[in-house]
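In the C-alpha cells that follow, a single protein chain appears in two forms: structure 1, then structure 2.
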Structure 1
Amino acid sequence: MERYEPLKIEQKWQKKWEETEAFKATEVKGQPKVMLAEMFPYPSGAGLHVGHVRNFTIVDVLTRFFRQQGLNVMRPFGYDTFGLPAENYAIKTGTAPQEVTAVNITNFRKQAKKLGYAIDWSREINTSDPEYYRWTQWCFLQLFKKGLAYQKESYQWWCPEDQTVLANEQVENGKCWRCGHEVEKKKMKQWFFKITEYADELLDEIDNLEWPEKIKTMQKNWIGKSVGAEIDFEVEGGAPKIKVFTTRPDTILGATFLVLAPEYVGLEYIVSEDCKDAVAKYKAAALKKSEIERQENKEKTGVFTGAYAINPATKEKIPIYVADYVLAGYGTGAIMAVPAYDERDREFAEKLDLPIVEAELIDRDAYGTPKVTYRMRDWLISRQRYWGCPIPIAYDKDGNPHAISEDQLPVMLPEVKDYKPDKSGRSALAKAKDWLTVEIPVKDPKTGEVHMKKMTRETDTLDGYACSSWYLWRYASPRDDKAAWDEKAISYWEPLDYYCGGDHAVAHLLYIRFWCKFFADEGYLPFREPIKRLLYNGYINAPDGKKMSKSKGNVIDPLDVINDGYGADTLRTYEMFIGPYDMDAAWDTRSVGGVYRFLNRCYNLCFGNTSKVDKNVVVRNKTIKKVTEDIHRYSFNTAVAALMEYVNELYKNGASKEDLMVLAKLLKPFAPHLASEMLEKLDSDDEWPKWDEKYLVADTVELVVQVNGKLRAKFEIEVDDLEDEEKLTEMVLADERVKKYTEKGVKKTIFVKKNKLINIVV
C-alpha cells in the first residue's frame, strides 16, 4: 500500500486547480449565490503568518462547504498595499515601494496557493494598482461633489524637527517616532470625510446586523450618541455669547462657572487684558501636552479668563475658565460646570476653590434647545505621505480646491527618487515638479463656457482606509474600466454574505458601512449594509501563550510546518481544530502531529481494504449531521473532532466504500487535497452528503435515573416505553440499584422525555 505523502498529493491537486481555473465564479441567473471574503491582507515582506492561515482557512472551509452543497460561490482575494511600511522601506533602502509591493504580492500569492484555497484568482485586486486607485479617486470625487469630502483647519500632531504631521500612532510617549523630538499640536488645513452625516443611520442599523455582539457594542460606543441640550450664556462686556452642550440641562441651577477648551474658537475675545498672558501660556502648554501625558495625568488644571458669564437660570455672574479637561472637538468645546453633579467639575472646583452648589433639578427644556451630539468625529483622510492614493484635487491661484475631471483619472502617483517628507510640510509628491501643474476644465459660471485652467495639484494622499472602503464591491467586476463596479454584477453577488477577519473592529468596518450608505443614496448601490455576516476570529499566539514577534523569536512560520512534511492539509485542519474560531489560541507543535496522524488514518482507511458489510450506517448518518450543523454554526473544532470520532469507529468496525465516500466529502473543506485524492480513488463526486433521520432513531435508548439529581442507574429501554411514564417509573422504583436510595420514601418523580431521564426526589 502507498504511504500518505502530503506534499506530493498537494502539488498534484494545486496544479490541477490552477490549470482548470477550478474556482472561477460567474453569475448564473436563478442559482443561489454565496460570496465570502477575508479582510484582505497587507502583503508584508515576512510573508504569510499563522494568523493569516487561520483567517483564510475559515473562509475556505465555508467556501468549499457551500460549493459542495451546489451553491454558486465567489471567493475572491486582494492586497491592501498602500501604507507606511512600504514607504519606510523605500526611504531606508531607496527601493521604490512599487517594486517592494510587487515582490511581496508575488510571494504572498505563491504562499496562498500552497495552502490550496478555493480562490477565484481572476478576481485578484491590489489597491496601489492605478487601475484600482483610479476608482478610489472616483469615489472621492463623488463624496467631494456632495460636500462630504471637505477641508477644515484643525489641530494635528506636528514634529518641529521633521517639519511634518504625524498620525496618532506615530507619536510615542509624546515624541516623534523618527527623531525623538517632542511633538506639539499645530493648526493645519486637512481633508475630512463627513461620516458624522450618517451617524444616526450607522448607529440604528447596527442591531440588524448578524455580527458578533462585541463588535456591535464597540461600534455603538465609538459613535457615542448623547442626547442633551445647547444653552447660550451671555458674556459680560459684550463678547460673543458662549454656547455650551450638556446632557444635564436640568442641573443648570447648580452651574457655578463655565469652562472652555484651550482651543476654543473666539477665546481671544473673551479673555480680559490682565489675564491674557496667563491664558496664552496655559494654552501653549496644553497644546504641547502629549496624548500620553493627558491620559496618565488627569489632575485638573486650568486658568481664569478674567471674564464672567450670566447663568440664564439664576441670573448670577459666574466666572469663565480655560481648562484642558474640556475637549475642543466634542460638543461646542465649552461646558457649564456643575460641580455638585459632575465628578470632573467637582474635582476642578475643589482644586481652584470654586463654589459648589447643591441646587434642585428643574425642567430639562427650560433654558436650552434639545441637541444630539456624537463622540464620533469626521474622518481625517489626508496624509502628507508618498505611498498612498493621490487626492484628485487641484488648486487655483486663490487656493480654492477643484475636482480633477473624471476623464482625467487616474491621477497617477508620480515617480520620485526621495520619498522622505521635507521641511515644506508636504509629501514627497511635491518634488515631482512636472506632475504638480495640471490643466483642468472649468466652467465659467456666467457664460457657461468651459476653459482649461492651469492649477496646482494637491500633494496629500488618502488614508489607506479609503482604499479599503469599497474594495468588496470591486470584486464583483474587478477588471471593469467603465465603472468602479458593474451594476448587474454587484446586484447579483452582493452584499457580501460572509466576511472574516480579526482586526479593524471599528475603523474599517465603520468606514465601509458609511461609504455603502452614501453610494446607496447616490443610486450606485442597491443595498445599505455591505456585510451581512461578520466572523471575527481570534489571534494565534506562540506556544508560550505570548504574542508572536520577531524580537521574541517565537514566531511559527506556516510554510515551515508545510515543508517539514506535514503539508497544507494538516496545517489547515490543525488551525481549525485548535479551538473556537473566535477565541485566541496558543500554538502547540505536538498537537499538529496529532492532526497529521488523523489525516494519515483517513488515508490508510481509504487506500487499505474496504469492508463488504455496511456496519456503520448509524454513526455515518450521525457524523454527517454533526459536521453539517457544526460548520453552519462555525464550530469548526468540534466538526473536526466528530470526523476523528468517525474515523476511530471505522477503524474498529471496518469501513465500507460508502463510509469512505462520506468521510472524504466531509473532510474536503478542511483537507481538500487529501479528500480529492480519496474521492478520485473512490471514483466519487464531492456532493455534500445528506443524513437520513430514520437511522438516527434507535429501537432502544438509555434511560438515566437520578436520585436527588445524582446519577444512580442506567436502563436500556424500548423507545416506545418513553411514552408511558407511569410504567417506566414503576419499573425504575422496583429496581435494586434504585431501591437502596429510596428507603426513606419517594417525595416525587420528575420525568424528562426529551433527555430520557427520571429524577427521583427523596
Structure 2
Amino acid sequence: MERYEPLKIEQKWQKKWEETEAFKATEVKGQPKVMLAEMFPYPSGAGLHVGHVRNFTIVDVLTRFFRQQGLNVMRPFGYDTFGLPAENYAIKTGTAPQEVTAVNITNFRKQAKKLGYAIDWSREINTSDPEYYRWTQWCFLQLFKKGLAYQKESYQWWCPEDQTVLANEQVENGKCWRCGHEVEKKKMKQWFFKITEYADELLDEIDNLEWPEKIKTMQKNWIGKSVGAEIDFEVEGGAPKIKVFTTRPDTILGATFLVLAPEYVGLEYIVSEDCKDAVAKYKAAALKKSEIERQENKEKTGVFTGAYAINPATKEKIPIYVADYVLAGYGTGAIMAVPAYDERDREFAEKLDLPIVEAELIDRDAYGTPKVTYRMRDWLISRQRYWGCPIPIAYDKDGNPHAISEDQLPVMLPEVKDYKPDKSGRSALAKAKDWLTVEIPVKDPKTGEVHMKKMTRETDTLDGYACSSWYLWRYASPRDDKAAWDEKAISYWEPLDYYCGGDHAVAHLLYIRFWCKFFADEGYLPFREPIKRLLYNGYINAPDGKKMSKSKGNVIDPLDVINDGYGADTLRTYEMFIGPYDMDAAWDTRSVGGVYRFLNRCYNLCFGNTSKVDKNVVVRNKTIKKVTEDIHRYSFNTAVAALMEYVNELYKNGASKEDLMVLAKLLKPFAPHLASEMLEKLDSDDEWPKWDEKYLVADTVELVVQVNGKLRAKFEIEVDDLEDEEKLTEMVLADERVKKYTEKGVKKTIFVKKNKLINIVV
C-alpha cells in the first residue's frame, strides 16, 4: 500500500479542478441556490495568514457541504485593494500602488488555490480595477443625485507632517500612528454620505437579522437612538440661548449647571473675557483626544466659561462649563447636568464642588420639545490620498460641485511620480495638472441649452468602505459593462445567504445595509437587507495565547504548515477542529500533528483491505446524522471530532466499502483533496449521505442547561453521552441558545450527571 502523500494528492486535484472549472456557478432555473462569501481581504505583501485560513475555510466547508447536497452554489472571491498600506509603500519606494497590488493579488490567488478552495475564479473582483471603480463612482452619483452625498465643513484629525487627514483609529496618544508627529484638529470641507436618513430602518430591522447577538447589539449601540427633548436655556447677558438635548426632561428641577462640548458652535459668544484663555487652552487639549478617549476617560475635567444660564423651571442662575465628556456631534453639543440622576454629571460635580440637588420629577413635556437624536453620524467619505477611488465631481469657478456625467466614467487615477499629499493638504492628485481640468456639460437654466464648461476635478478619493459597500452585488455579474449589477442575476443569487468574517463588526455592515436600502428605494435591488446569515469567527492566536504579529515573531505562515509535509487538508481540518468557530483559539503545533495522523488513518483505511462484513451500520448512521446536524449549526469542531470517533470504530470493527464511502463524503468539506482521492478509489460520487432513522433508536434522556442557575436550554441526548462530560460541555457551549448568554466569557462549568444537568457560570 502506498503511503499518504498530501502534497502529491493535492496538486493532482487542484489541477483537475482548475482545468474543469469545477466550481463555476451559473443560474439554473428552478434549482435551489446558495451564495456564500467571506469579507474580502486586503492583499498585503505578507500573503495569507492563518486567520485568513480560518475565515476562508468556514466558507469553503459550507460551500462544499451544500454542493454535495445538490444545491446550486456560488462562492466568489475578491480583493479590497485601495488603502494606506500600498500608498505608504509607494511613498517610501516610488513603486506604483498598481504594481504592488497586482503582485500581491497574484500571490493571494496562488495561495488560495493551494488551499483547495471551491472558488468560482471567473467572478474574481478587485476594487482598484477601473472596471470595478467605474461602478463605485456610479453608486456615488446616485447618492449625489438624491442629496445623500453632500459636503460640509467639519473638524478632522490632521497630521501636519504627512499632510493628511487621519481616521480616529490612526491617532495614538495624540500622535500620528505613522510618523509619530503630534496631530491637530483642522476644520475642512469634506464629503459625507447621509446614512442618518436611514437610521430608524437600520435600527428597526436589526432584530430580524440572523446574526450573532453581540454584533446586533454593537450595531444598535453604534446607531444609539435616544428619545428625549430639547430645552432652551437663556444665557445671562444676552448671549445666544443654549439648546440642550436630554433624555430626562422630567429631571430639570435638579439641573444645577450646563456643560458644552469644546467644539460647541457659538462658544466664543458665551465665554466671558477673563475666561477666554483658559477655555481656549482646554479646547486645544480636548481636540487632541479621540472621541473614544473622551468617553472612556474616567477622570472628568472641565473649565468654567464665566457665564451663567437661567434654568427655565427654577429661574435660578446656573454656571456654564466646557467639558470634553460632552461630544459636539451628539444631540446639540450641550447638556443640562443633573448630578443627582446621572453618574457622569455627579463625578463632574463632585470634582468641581458643584451642587447636587435631588429634586422632584415633573411632566416630561413641561419645558421640552420632543426630540429624537442618534449617536451615529453621517459617514465621512473624503480621503486626501492618492490610492483610492476618485470622487466623480468637478468644481466650477465659483466652487460649486458638479457631477461627472455617467458616460465619462470611470474617472481614472492618473499616473503620478510623487504620491505624497501636497503642502495644502490635498492628495497627490492635485499634482496631476493635465488630469485636473475636465469639461462638464452644463444646462443653461434660462435657455435649456447644454454647454461644455471647463472645471477642476475633486482631488479627494473615496474611503475604502465605499468600495466594499456594494461588492457583493457585483459578484452576481462581475464582467457586466452596462450596469453595476445585472437585474436577473441579482434576483437569482441574492441576497447573500452566508457572510463570514472576523472584523468590521459595525461600520462595514452598517454601510452595506445603508446602500442596500438606498438602492432598493431607487428600484435597483429587489431586497432591503443584503445578508441573510452572518458568521463572525474568532481569531487564531499564537501558541502562548497572544495576538500574532510580525514584530513579536510569533506569526504562523500557513504555507509553512503545508510545505512541511502536512498539506492543505491538514491545515484546513485543524483550523476547523481547533475550537468553536466563533471563539478565539491558540495555535497548537502538536494538535496539527494529531489531525495529520487522523487523515493518514483515513487514507490507510481506504487504500488498505476492506471488510466484507458490515458491522458499523448503527455507528455509520449516527455519524451521518451527527456530522450533518453539526455543520448545519456551524459546529465544525464537533463534526470533525465525530469523524475521528467514526474512524476509531472502523479500525476496531473493520471498514466496509459503504463505511469508507460515507467517511469520504463526510470528510470532503474539510479535507477535499484526500476525500476526492478516496472517492475516486471507491468509484463513488460525492452525494451527501442520508441516515436511516431505524438505526438510531436508542435510549435518550433530557439534559438541562442553566447559566448562572437560570434555565436556558434543554437537549435530548443519548444515555451513553452522559459518560462524556467534555463532549457534552462542548456541544452545549456551541449551541446558539446558550451562546448568547455566555458572550462575556465562561468562568466554569458544573456537570451533575445524576441530575442530568450542566450549570455554566459566567
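Here, a residue number simply tells you its place in the sequence of structure 1, counted from 1. Everything numeric here is computed off the predicted structure, so don't read it as measured data. Only the largest set of C-alpha atoms that superpose within 1.5 Å between the two forms is called the rigid core.
It is structure 2 that shows the chain in the form predicted alone. Relative to the superposed core, residue 134 undergoes a C-alpha shift smaller than 2 Å between structure 1 and structure 2. With the core held fixed, residue 282 shows a CA shift of 2 Å or greater between structure 1 and structure 2. When two forms of a protein are overlaid on their rigid core, residues whose CA moves 2 Å or more are considered shifted, and residue 16 is not one of them between structure 1 and structure 2.
Shown is the Cα shift of residue 750 between structure 1 and structure 2 after rigid core superposition, which amounts to 22.1 Å.
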